[in-house]
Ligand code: 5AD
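Presented as structure tokens, the chain that follows is alone, the form predicted on its own.
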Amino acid sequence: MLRKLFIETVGCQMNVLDSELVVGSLRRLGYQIVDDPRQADLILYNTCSVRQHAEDKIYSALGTLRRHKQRRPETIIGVIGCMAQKDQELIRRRAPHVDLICGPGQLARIPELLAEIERSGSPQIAVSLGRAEASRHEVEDSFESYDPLREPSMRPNTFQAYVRTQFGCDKFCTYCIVPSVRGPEQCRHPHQILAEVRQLADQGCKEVTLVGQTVNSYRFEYGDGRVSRLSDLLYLLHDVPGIHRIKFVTNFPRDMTDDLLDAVAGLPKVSRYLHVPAQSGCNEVLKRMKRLYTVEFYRDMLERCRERVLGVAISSDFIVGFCGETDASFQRTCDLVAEAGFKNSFIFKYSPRPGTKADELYPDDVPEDVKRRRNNDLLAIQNRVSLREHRSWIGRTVEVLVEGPSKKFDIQSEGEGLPQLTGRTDTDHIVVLDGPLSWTGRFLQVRVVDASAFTLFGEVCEADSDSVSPCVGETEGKVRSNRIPLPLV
């Protein structure tokens, strides 16, 4: 019997990947994806607990379904992911009409849990052990690595895919709930990852993004003294036929080792892009965050990245309004952003998370209006830096993987002129260009003709139906030589 599934995903790349895998397993049970939860037999929310706003959004959505559940009691409503692991009892109190609560370490059990709900009519809860509830080995075992066979139909497109390198996190930043809800860090076997990438390539995938909470912390120990690091994994994956680009996110500053940078510099398929969150430009704040490095270390790391990887683009994350952040502390963060030359930064207001050390140890003493002002001020600084960095690309030729129509393109207007497409460069810059939808999924040589703080605007070089030629006067060697160091702003 054909059943209908609605799923909404909130949060990081890990959640996006988890949703793909969950949908894949449910698809094999006969479920069909729908866009309207009111049409669904099964409604799932894959949740995030990093910020309060993400949780509020889920509770709001669940509230709107209360009457729907009364009208259609056979509909199964589920909360899965990090919020389910952290707040299973709170979810039951605030949304008693929820039938399924499943943490990220138990996602493989969803089919059997659904079967039990249908059999018994009783709600089902499946969560992993808390980190303080048992030994590390027992807690690890309760977080099952969930990486079943991939289904290209479950991804936004067939030519890009996330690949998990590890599960969980051991960094314990004081503001972060992830180590509690995703458990201890566990790295997958390199050959298991290789087999998955080969399978993706066979399905037509051209670009893979390796994901981990701190992906450059990857370290797999074979048991005989041998160790594989992320750099070794990149070398292993580089020659997989069909894969043309390899990316990885997110990186931890202390684990940005020279061997990894040399792999990025020396392997043509590896993207010259590093996302390395700084979180603050003030040492006192970094210490309260337990980030395990100083601003001076972070600046030195940036210099090493640019010395060893020519033309690398670097982005960052920042939290404003963290406990005890003074005007002087915030100014040091502004100084770092103004000087570091980040391609872009993701900036967030601090949100206290119950269960974290920061919530236990430090008062949330920065007023909301101050957080909002600092967020806007830092964003304005980054936008000025981004505009300068983006404009340095004007006149260059870049390789772009076309991802599809831009958000502004209306499919109804196709035929009224060339649609607007969007894609990304080797350095993860967003490029907008005009061209037919048939270019989606192809690598094109594009000349950058204009730029904003967020986007490069390009014109494709001569293209026929099967290939794209270099721009007039350009050669492959010339194109690759565009990877030159970007100056500090």
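Computed from a predicted model, the values in this text were never measured in an experiment. Just count from 1 along the sequence shown to find any residue number.
Absent from the display: the form predicted together with this ligand. The rest refers to it.
- Remark: Ile319 counts among the residues lining this ligand in the predicted bound form, judged by a heavy atom distance of 4.5 Å or less.
- Using a 4.5 Å cutoff between non-hydrogen atoms, Arg51 counts as a contact of this ligand in the predicted bound form.
- Under a 4.5 angstroms non-hydrogen atom cutoff, this ligand in the predicted bound form has Gln279 among its neighbouring residues.
- Phe342 falls outside the set of residues with a heavy atom inside 4.5 Å of this ligand in the predicted bound form.
- Proximity to this ligand in the predicted bound form, taken as a non-hydrogen atom within 4.5 angstroms, holds for one residue of Phe143, Tyr273, Tyr350, Trp393, which is Tyr350.
- Taking Phe330, Phe167, Tyr175, Tyr218 one by one, only a single residue has any non-hydrogen atom within 4.5 Å of this ligand in the predicted bound form, and it is Tyr175.
- Note that among 306-314, 350-358, 74-82, 372-380, the stretch whose heavy atoms approach this ligand to within 4.5 Å in the predicted bound form is 350-358.
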